[in-house]
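Here we start with a single chain on its own, the form predicted on its own, put down as structure tokens.
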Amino acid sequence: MLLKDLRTEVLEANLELVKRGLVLYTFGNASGIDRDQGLIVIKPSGVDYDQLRPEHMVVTDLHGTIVDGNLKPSSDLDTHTLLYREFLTIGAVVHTHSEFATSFAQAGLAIPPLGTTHADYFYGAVPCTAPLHDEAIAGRYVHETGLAIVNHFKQHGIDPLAVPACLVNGHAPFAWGRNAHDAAHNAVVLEAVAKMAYNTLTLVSNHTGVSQALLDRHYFRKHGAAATYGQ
């Protein structure tokens, strides 16, 4: 089986989304990339999670051409492939419609860094893209979704590994990481910090967020060459 280990990792990431309550029915998808071969493994479209097996995963190239698999790939494939082409440091992508992160996306709002839980994973706000214009929606919509994410990160100079997620305006979140486990983990944390942010802003609507010093302290204790967290 082509890319058996990666297929298994991507399947496990998809099942993690279900286990953590981030997807309903067949919503959501996860993918991973083998950078050496330039091949992507992604969940098939519309297949119940209970039925998924490694052999059901679809293998495509970086432009979405199917290389191996008998099922149609996820309908979000063009977003995934664009993110892999543009964010060269990432190894996996996850898309969900999780409740609180999607609520911020539907409101067109970034998730501000209001506390240390957020700062442990995201070095600043989790951004929300600009709304897609009508021509983009009527055209290559899924590609344009990825383009909206990439353009925002480039325009604002955001490192995709420092802020491994983005909200697509009116749609839902995408998250990513160095591998499939990492991407799924970030998606789970994203939903948690979105819920905390919603609750915090309900209590204090004008909350300005943590200080830069606290953001730096918590982010860099877990990330970078001088990280001290863990064994």
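From 1 onward, residues are counted along the sequence shown. Because the structure is a prediction, the values reported are computed rather than measured.
The form predicted in complex with a further copy of the same chain exists for this protein as well; it is not shown, and the discussion that follows is about that form.
Worksheet entry | Residue stretch of 122 to 130, 96 to 104, 152 to 160, 80 to 88 approaching a further copy of the same chain in the predicted bound form, non-hydrogen atom distance within 4.5 Å | Selected stretch: 96 to 104.
Discussion item. Test of understanding: in the predicted bound form, would residue 189 fall inside 4.5 Å of a further copy of the same chain by heavy atoms?
Written reply: So residue 189 counts as contacting a further copy of the same chain.
Discussion item. Can you tell me if residue 197 lies within 4.5 angstroms of a further copy of the same chain in the predicted bound form, counting non-hydrogen atoms only?
Written reply: Answer yes; at least one heavy atom of residue 197 falls within 4.5 Å of a further copy of the same chain in the predicted bound form.
Worksheet item: Looking at the partner-bound form in the predicted bound form, is residue 221 within 4.5 Å of a further copy of the same chain by any heavy atom?
Response: Contact with a further copy of the same chain, yes.
Fill in: Contact test in the predicted bound form: residue 47 vs a further copy of the same chain, heavy atoms, 4.5 Å
Residue 47: contacts a further copy of the same chain in the predicted bound form.
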